[in-house]
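Shown next as structure tokens: one chain only, the form predicted alone.
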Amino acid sequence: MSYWYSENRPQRQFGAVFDTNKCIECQTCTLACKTTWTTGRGQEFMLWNNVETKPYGSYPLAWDLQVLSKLGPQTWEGDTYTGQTVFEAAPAGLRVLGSERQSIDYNYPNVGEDEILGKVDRGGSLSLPQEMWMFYLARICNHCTYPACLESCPRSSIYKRPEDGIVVIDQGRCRGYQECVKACPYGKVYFNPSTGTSEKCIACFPKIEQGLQPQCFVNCIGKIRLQGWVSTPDKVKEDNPIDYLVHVRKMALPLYPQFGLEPNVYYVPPVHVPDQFLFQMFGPGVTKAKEAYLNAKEDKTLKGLFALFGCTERTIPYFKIVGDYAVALDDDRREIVRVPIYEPVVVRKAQDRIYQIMRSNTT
């Protein structure tokens, strides 16, 4: 793949895994981000973190359809993408295949919310001609290895931090040309009309520097998020939770890998959504990823690792399984916290022994 700059990977790369099966779209993550970073003038429409309902939801409006329709045929040979990326499909004179953003694109952050498409498996009281399904997709900046926003900037005001790979904007250099806004295929760069500069998610790097996970991670009600560090495939560490889910078990997949940016936020795909839809969104590994997730209850390592999601505000670089406990470890492999893999189950008998009456469920 052609890219404007030579490859220069950071000392370590910010990475994250989102479990879409556990998201309830409560938007607590969105509010946590909003109240922390985008409460100022000119930021009213900015949602550095948002949760949208697929297949109809999107913010900015139709951010994915705009790029997919321009990209042309997206072909695969096995696990290898053989089509064009947004860099190779760029028109003459442009570095990236981009989309013009209009103000109306930011007017409907909840478009398509809870709208369904598909058939409910194993029964349903309503018969419709189409299938009924939907799922929630939580999104932040992917802090890509090959950022389109970075490549498109004529001022070189966007860069990846060498210590953690987080993509940030130098406000002093930015002149508000908005090329980055057009270039990002995920729609995660915003232009502030009050300051005349672009802004975006910074992965809460002041917290990362303290060994803490970002605001949207620690405030997640559903405990769907885990932040850590992702390695390249040739340097995988099996006790690194992000590496284990991404490279070892291949359960967590990148969002629209065919764009060519190598995003570093990965998703466990929803198990109830047709493979045809997920294939386009996460690539050809969705079938095996869903099978592995459904069988996680029989796998102590996987079950324990998912139990660590949301268990601490600390970044979890390493983990281990000790007996029936999952243990989160710091950079020196010292214990941060341990959580039980299995929860106690108590089955109440139908007959109350003391009062000699039958119990019944009430609502």
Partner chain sequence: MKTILMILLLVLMAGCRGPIIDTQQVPAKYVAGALPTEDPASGMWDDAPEHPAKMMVQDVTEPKLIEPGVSLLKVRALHNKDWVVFRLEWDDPTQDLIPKSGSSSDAVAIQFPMRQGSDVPDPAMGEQNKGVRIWFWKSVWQDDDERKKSGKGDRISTLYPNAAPDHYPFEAEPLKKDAKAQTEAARRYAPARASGNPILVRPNSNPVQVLMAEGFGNTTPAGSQPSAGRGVWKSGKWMTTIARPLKGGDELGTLEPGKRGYIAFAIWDGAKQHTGSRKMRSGWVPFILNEQ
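Keep in mind the model is a prediction, meaning the values are calculated, not measured. Residue numbers count along the first chain shown, from 1.
Not pictured, yet referred to below: the form predicted together with the partner chain.
With the partner chain left out of view, the stretch that reaches within 4.5 Å of it through heavy atoms in the predicted complex is, among 316 to 324, 35 to 43, 22 to 30, 301 to 309, 35 to 43. Contact between Gly196 and the partner chain in the predicted complex is found at the 4.5 Å heavy atom cutoff. Within this chain, Thr82 is remote from the site of the partner chain in the predicted complex, having no heavy atom within 4.5 Å. In the predicted complex, no heavy atom of His272 sits within 4.5 Å of the partner chain. By the criterion of a heavy atom within 4.5 Å, Glu179 is counted among the residues contacting the partner chain in the predicted complex. The single contact residue among Pro73, Gly78, Gly172, Pro233, judged by any heavy atom lying within 4.5 Å of the partner chain in the predicted complex, is Gly172. Among the residues Lys160, Arg249, Arg101, Lys290, the one placing a heavy atom within 4.5 Å of the partner chain in the predicted complex is Arg101. For the partner-free chain shown, Ala92, Gly93, Leu94 of 73 to 94 come within 4.5 angstroms of the partner chain in the predicted complex, judged by any non-hydrogen atom.
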